[in-house]
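In the block that follows, a single chain appears as structure tokens, in the form predicted on its own.
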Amino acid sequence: MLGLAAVPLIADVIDEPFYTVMFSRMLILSIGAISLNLILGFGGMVSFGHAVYMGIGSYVVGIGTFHAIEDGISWMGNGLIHLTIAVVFSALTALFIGSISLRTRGVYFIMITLAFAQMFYFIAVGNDNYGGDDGLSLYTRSKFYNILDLSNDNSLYYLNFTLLIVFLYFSHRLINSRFGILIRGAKSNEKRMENIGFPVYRYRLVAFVIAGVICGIAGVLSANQTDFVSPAVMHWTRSGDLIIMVVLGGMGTLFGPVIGAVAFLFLEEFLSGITEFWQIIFGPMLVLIAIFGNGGIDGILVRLDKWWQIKK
């Protein structure tokens, strides 16, 4: 975390602003992975439609800034309004999807979340008013007026970093609260939790909504980072990327999603520089980690630390 905090300073010293942009993307996807980890890692809910909320947050910014410039409606470019609308719409969408999908289990849950993801994706593709399949370019970022200047990449980076710390702390508090213990208990033995008398469905739905809201905020940050919004941000493959990040870093761990997001993008950047077909190398690496790296990279680090302690 100290290393991440120092990235813009180091990038300025070596005059390589590219690293600030690249690591800023890592922070945003870390927030998205943290939100998914709440329901996947701790709740056992494998959602293949989680990127929908990132898409909602992104399109809130895209549509808002579009009307702010084209129609001169200044308040539609306000960043606080973007965050508020993204939170509300993400929560309502997660409530709707969760209320239906959480009545199922296993592969049925996966397929329903996937179906909703594709439905929202094709709605965005068919909306020619906001770019359709070609997407929508942002000619200005969200305005926070005298509070923040997001046109400066360093300011945006530290906003992303601050929100990452906030959501890490929130996740830590949530999973160690009575609410979090119940969610983890339902993952281990749902029937037992229900027989004890806990309303598991209601608790899971609340967790599903919370995860959707956090991912929606990540979408707001993502749109400002890329200055571009397209339906691809909510495609099911983007949800798959988030799942890979969680699994790669370590499901059900606090820092696992952050480690996974950083490792995923590092490997993508490094391997794509070697070959255009970098996924051919990346795929087997994931398989090996899944087979031998119980608990992902976080689990490997824990075992190495124990080995080192024993050796000392």
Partner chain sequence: MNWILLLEQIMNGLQLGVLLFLLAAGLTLIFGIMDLINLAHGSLYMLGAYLAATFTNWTESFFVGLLLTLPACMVLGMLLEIIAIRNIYTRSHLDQVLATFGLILFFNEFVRLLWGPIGLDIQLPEILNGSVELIFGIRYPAFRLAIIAAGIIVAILLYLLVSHTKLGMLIRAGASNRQMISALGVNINLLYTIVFGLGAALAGLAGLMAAPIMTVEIGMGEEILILTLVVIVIGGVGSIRGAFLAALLVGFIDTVGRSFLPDILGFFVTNDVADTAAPAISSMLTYVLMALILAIRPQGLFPPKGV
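Positions refer to the first chain, counted from 1. Small disclaimer: the values here were computed from a predicted structure and weren't measured.
Omitted from view is the form predicted in complex with its partner chain, to which the following refers.
Enquirer: Each of Leu83, Asp153 and Leu164 within 4.5 Å of its partner chain in the predicted complex, by any heavy atom, yes or no?
Expert: Looking in the predicted complex, the three residues Leu83, Asp153 and Leu164 all stay beyond 4.5 Å of its partner chain (heavy atoms).
Enquirer: Is Phe122 close to its partner chain in the predicted complex, meaning a heavy atom pair under 4.5 Å apart or at it?
Expert: Yes, contact at 4.5 Å.
Enquirer: With the partner left out here, check for me: in the predicted complex, does some heavy atom of Gly283 sit within 4.5 Å of its partner chain?
Expert: Result yes; Gly283 sits at the interface with its partner chain in the predicted complex.
Enquirer: So in the predicted complex, does any heavy atom of Ile297 sit within 4.5 Å of its partner chain?
Expert: No, Ile297 sits far enough from its partner chain in the predicted complex that none of its heavy atoms falls within 4.5 Å.
Enquirer: State yes or no: in the predicted complex, is some non-hydrogen atom of Arg184 no more than 4.5 angstroms from a non-hydrogen atom of its partner chain?
Expert: No, Arg184 stays farther than 4.5 Å from its partner chain in the predicted complex.
Enquirer: So which stretch, 201-209, 70-78, 104-112, 164-172, is the one near its partner chain in the predicted complex (non-hydrogen atoms, 4.5 Å)?
Expert: It is 104-112 that comes within 4.5 Å of the partner.
Enquirer: Going by heavy atom distances of 4.5 angstroms or less, which of Met251, Ile259, Ile63, Leu265 would be at the interface with its partner chain in the predicted complex?
Expert: It is Met251 that has a heavy atom within 4.5 Å of the partner.
Enquirer: Would you mind checking 25-47 for residues with a heavy atom within 4.5 Å of its partner chain in the predicted complex?
Expert: Contacting residues: Leu40, Val46.
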